[in-house]
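One chain comes next, on its own, written as structure tokens: the form predicted on its own.
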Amino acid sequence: MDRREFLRQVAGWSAGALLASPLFQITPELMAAERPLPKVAIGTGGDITAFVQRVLAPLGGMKAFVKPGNRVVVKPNIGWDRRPEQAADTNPEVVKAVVSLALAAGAKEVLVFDNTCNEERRCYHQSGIKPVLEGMKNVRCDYIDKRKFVPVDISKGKSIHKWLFYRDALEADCYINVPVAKHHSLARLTIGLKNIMGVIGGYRGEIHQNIGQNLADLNTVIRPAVTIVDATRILLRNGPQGGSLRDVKVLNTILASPDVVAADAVATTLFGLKPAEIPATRAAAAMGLGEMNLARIQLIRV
């Protein structure tokens, strides 16, 4: 296989689940080669549905990621039994907007799910995400089925070499990452890279030991086609669960990028922090999973 064909296949894998394979070792040097500056579109607006579409426009719109007939996974954070205004879960209106745009782009089916931390039914309903999707045709917002977790070898992992992943996430034609940006007591911040926790099984407490490298390892398995960060409300303290409205700051901001590391890097600045201060961002960038250097990110303000 020549280099051109190899890079073509790598680009194809990034549209859905990228399963590490011993036949194709993607080195950081190769991933950096011939890679244009990653784009991150960011802006502020009141009409969430229209604004998600405007943020995606500089990236080619949703049709750049979702193709007709695709089975699409939209992965928000639904981990906590919290109301939308408490900013512990992804804003349900952002989720609905992303799902609607995926359907408009021709998605055959859209799946929305998360492996919750609190009791799943309370999380799905209290967050507002399941109610806002009810009645939408070709959309499923199902609770996690524990039987669907399958072991995956993580050949590129430096700290983790095998873990359980959710089959629906692995088999999606297009995986869209829709995290909320918020404080995390161990990871410092939880944004796009940390959102991978919602598609893994097993004893997830182990991930919190050496959390930065572990999250980077997990992100070698599933590579989002695009990451859309909900920063309409951000949790400044007492994350990831939060609870007090005093810890919430309303920004009405959304940002998006095909590069999850770049998306996290830019979102980090909303908290007055630098990308290098977040262990998962540092580890993922070191593995060649994306760009964290703000000077090498093409920031597009919408």
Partner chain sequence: MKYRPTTRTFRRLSQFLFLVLFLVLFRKTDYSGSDTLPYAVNLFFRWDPLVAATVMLAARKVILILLPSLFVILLTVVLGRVFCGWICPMGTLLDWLDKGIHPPEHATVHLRKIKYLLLIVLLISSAFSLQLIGFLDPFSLLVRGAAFSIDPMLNWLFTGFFDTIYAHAPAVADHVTEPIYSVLKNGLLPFRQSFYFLSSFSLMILIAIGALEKLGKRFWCRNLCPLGALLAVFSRWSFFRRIPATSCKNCPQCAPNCRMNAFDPDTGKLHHEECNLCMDCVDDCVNQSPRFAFTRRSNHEPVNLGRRAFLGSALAGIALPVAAKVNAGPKTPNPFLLRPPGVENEEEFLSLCVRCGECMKVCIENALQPCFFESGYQGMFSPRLVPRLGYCEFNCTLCGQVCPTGAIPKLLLQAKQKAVIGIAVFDVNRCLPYANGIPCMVCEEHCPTSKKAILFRDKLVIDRKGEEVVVKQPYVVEDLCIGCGICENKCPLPGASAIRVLTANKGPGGNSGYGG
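The structure displayed is predicted, hence computed values, not measured ones. Positions refer to the first chain, counted from 1.
Another form, the form predicted together with the partner chain, is not on view; read the next lines as being about it.
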Only one of 89 to 97, 151 to 159, 119 to 127, 103 to 111 sits within 4.5 Å of the partner chain in the predicted complex by heavy atom distance, namely 119 to 127
Answer key: of Gly43, Gly243, Pro58, Pro258, within 4.5 Å of the partner chain in the predicted complex (heavy atoms) is Gly243
Taking the partner chain as it sits in the predicted complex, is Arg223 in contact with it (heavy atom to heavy atom, 4.5 Å or less)? no
| Non-hydrogen atom contact Asp81 with the partner chain in the predicted complex at 4.5 angstroms | yes
I'd like to check something about Glu85: if you look in the predicted complex, is any of its heavy atoms closer than or equal to 4.5 Å to a heavy atom of the partner chain? no
- Query: Closest heavy atom of Met136 to the partner chain in the predicted complex, within 4.5 Å or not?
  - Reply: no
Applying a 4.5 angstroms cut-off on non-hydrogen atoms, the residues of 170 to 188 near the partner chain in the predicted complex are His184, Ser185, Leu186
